[in-house]
Ligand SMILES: C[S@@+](CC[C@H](N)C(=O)[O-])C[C@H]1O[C@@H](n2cnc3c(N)ncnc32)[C@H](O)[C@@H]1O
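To begin, one chain is listed below as C-alpha cells, in the form predicted on its own.
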Amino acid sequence: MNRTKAVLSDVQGVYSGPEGNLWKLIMGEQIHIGGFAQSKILAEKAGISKGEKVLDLCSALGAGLRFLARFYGVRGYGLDATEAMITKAQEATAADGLSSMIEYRKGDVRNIPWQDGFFDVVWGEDAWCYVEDKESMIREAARVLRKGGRIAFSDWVEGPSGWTEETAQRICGFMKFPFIGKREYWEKLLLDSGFEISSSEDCTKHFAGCIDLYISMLTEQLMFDALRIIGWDMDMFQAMGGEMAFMSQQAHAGAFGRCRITAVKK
C-alpha cells in the first residue's frame, strides 16, 4: 500500500491526549489485543525465563514489562518516543513496586540506545504498526540482541485475504499507522536481518472478536466514561464508532488482522 500521512508526531499526539485515554479505557493498561492471556501466550512461545534482559520497543505504559517482571522475573527495559508514556509508565511501575526491575528511556527505535548484544529478548505487543521505518527497527533489534537471543511480538497487519488500497488508507489513516504489511512482510524483515523464525501465526479470527468486544463495551457499558474523555462530543463518538465498525467488518472478512511471531538471532 501507499503510505498514509501519519508520522511520529501524530502517534505522540494520540498517546498524549484523549484518544490514548480512550484506548486505555477499553483495552486496559496493556493496550493490546487480548491483554494478559495474549501476553502469556507470547511469553511462553518466546521461552522467557527468570533473570533475562528484555527490551520492550514502544513500551507505552510499561504494562508489558510489568507483566514480564512480576510473572517471569525478567529485568525489563522500555523504549518509547512519547514523553507522556514514559512518565506514566514510571509512575505505574513505582506504584506496582517494580522500579528496581524496570527502567525506561525515551528514544528512537531506529537508533536503540543500548550496546550490541545487550539483550536476551526484544519484545513488542501491537505497537510496531505505528513505526514508520520498520526495517531499521528490526535491524537495530538484531544488533542489540545477543547471538541466540529472541524477538517476540504481535502486531496489527493486513489480513490474510488482503485489502484494497481504499480500505488500507481508511483504516491506517484512522489509526495513525504510517503503513502496515501482511504477516509475510514481517517474516521477510526478520530473515533479512539474520533471524530464524520459530513461530508465525495468524491471529485474525481472535482479533475480529476482540474488536467486537470493544465496540460492545463502548456502546453497552462505557459510553459515559468515553464521552467524558473526548469532551462530551457525541459526533466524535459516533464517528469513531463508525470507524471501529468498519474495522470489525474488515477483520471478519480477513482483510484486516493480527499476527504473532517469534524468531531467534542466528
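Predicted, not measured: the structure shown is a model, and the values here were computed from it. One rule holds for the numbers: they count along the sequence shown, beginning at 1.
The same protein has a further form, the form predicted in complex with the named molecule, not shown here; the description that follows concerns it.
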Which of Ala46, Ala226, Val54, Ala60 has a heavy atom within 4.5 Å of the named molecule in the predicted bound form?
Ala60
Tell me, out of Phe195, Tyr130, Trp186, Tyr77, which residue has a non-hydrogen atom within 4.5 angstroms of the named molecule in the predicted bound form.
Tyr130
When the contact criterion is heavy atoms within 4.5 Å, does Gln38 count as touching the named molecule in the predicted bound form?
no
Under a 4.5 Å heavy atom criterion, is Val109 part of the interface with the named molecule in the predicted bound form?
yes
Check Asp202 for me: does it contact the named molecule in the predicted bound form (non-hydrogen atoms, 4.5 angstroms)?
no
Indicate whether the named molecule has at least one heavy atom within 4.5 Å of a heavy atom of Thr82 in the predicted bound form.
yes
4.5 Å heavy atom contact with the named molecule in the predicted bound form for all of Glu158, Phe174 and Gln250
no
Per-stretch contact check against the named molecule in the predicted bound form, the hit in 23 to 31, 209 to 217, 228 to 236, 46 to 54 (non-hydrogen atom, 4.5 angstroms)
23 to 31
